[in-house]
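Only one chain is included here, represented as structure tokens and corresponding to the form predicted alone.
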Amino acid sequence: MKAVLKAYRYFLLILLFDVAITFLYPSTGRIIWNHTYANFAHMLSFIPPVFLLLGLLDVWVPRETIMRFLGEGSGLKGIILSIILGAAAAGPLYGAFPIVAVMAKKGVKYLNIIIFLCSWSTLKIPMFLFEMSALGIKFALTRWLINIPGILAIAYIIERCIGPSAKEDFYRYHTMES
């Protein structure tokens, strides 16, 4: 019980805070609970399909295949594939983190994981298409041409700043869960 309370302490603190606001300011409390309900419903519509696809990926795609394309020896091929996978992904950014957990379990290079996350957050293909139609192709291409080197720079900086022991802990955490 103590471990559960520790794991969910921030959630419980926010819940307690929301309950207190509801008692002190009922109209504000109703707004809070309406937003909470809407966000929870949105997450429930998105998370189950992601976990279903992740389960299939975990079972059907061998670790060796993932490592060949995205692992330590993947080089430029892994970087390009990470950008494409991140840009082609659909859904909110919180959907990327379960995917990253499976990627880590399968042995994807840390740099490629960071590139994937950055690409997911900034290079969405549907957003690119919208920008082309609403803001023009020049704007959309310029943003991509600026973002890609920025993503690569951020990924390399993060990889260099994260020590080997932190990376080992990251991979150990994701491989011990299976």
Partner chain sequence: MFTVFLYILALGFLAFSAIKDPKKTRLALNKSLRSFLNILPDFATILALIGVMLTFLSPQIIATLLGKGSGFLGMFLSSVVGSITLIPGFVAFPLVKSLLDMGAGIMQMAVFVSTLMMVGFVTAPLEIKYFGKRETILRNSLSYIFSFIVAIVVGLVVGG
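What we label the rigid core is the largest C-alpha set whose atoms superpose within 1.5 Å from one form to the other. Numbering follows the first chain given and starts at 1. Please read these numbers as outputs of a predicted model, since none were measured by experiment.
One more form of this protein should be noted, the form predicted together with its partner chain, which is absent from this view; the next part is about it.
- Interface membership of F69, defined by any non-hydrogen atom within 4.5 Å of its partner chain in the model of the complex, is ruled out.
- Among residues of the shown chain, I79 is not one whose heavy atoms approach its partner chain to within 4.5 Å in the model of the complex.
- In the model of the complex, its partner chain stays beyond 4.5 Å of every heavy atom belonging to I83.
- Contact check for F11: a heavy atom falls within 4.5 Å of its partner chain in the model of the complex.
- The partner is not shown here, but in the model of the complex the stretch 4 to 43 reaches within 4.5 angstroms of its partner chain through a heavy atom at A7, Y8, Y10, F11, I14, F17, D18, I21, T28, I31, I32, H35, T36, N39, F40, M43.
- Relative to the superposed rigid core, I114 undergoes a CA displacement smaller than 2 Å between the shown form and the other one.
- Residue displacement note: S27 has its CA displaced by at least 2 Å between the shown form and the other one (rigid core superposed).
- After superposing the rigid core, the C-alpha of D18 moves by 2 Å or more between the shown form and the other one.
- Closer approach of the C-alpha atoms of M127 and N39, by 3 angstroms or more, is seen in the model of the complex than in the present form.
- In the model of the complex, the CA atoms of S165 and Y8 move apart by 3 angstroms or more relative to this form.
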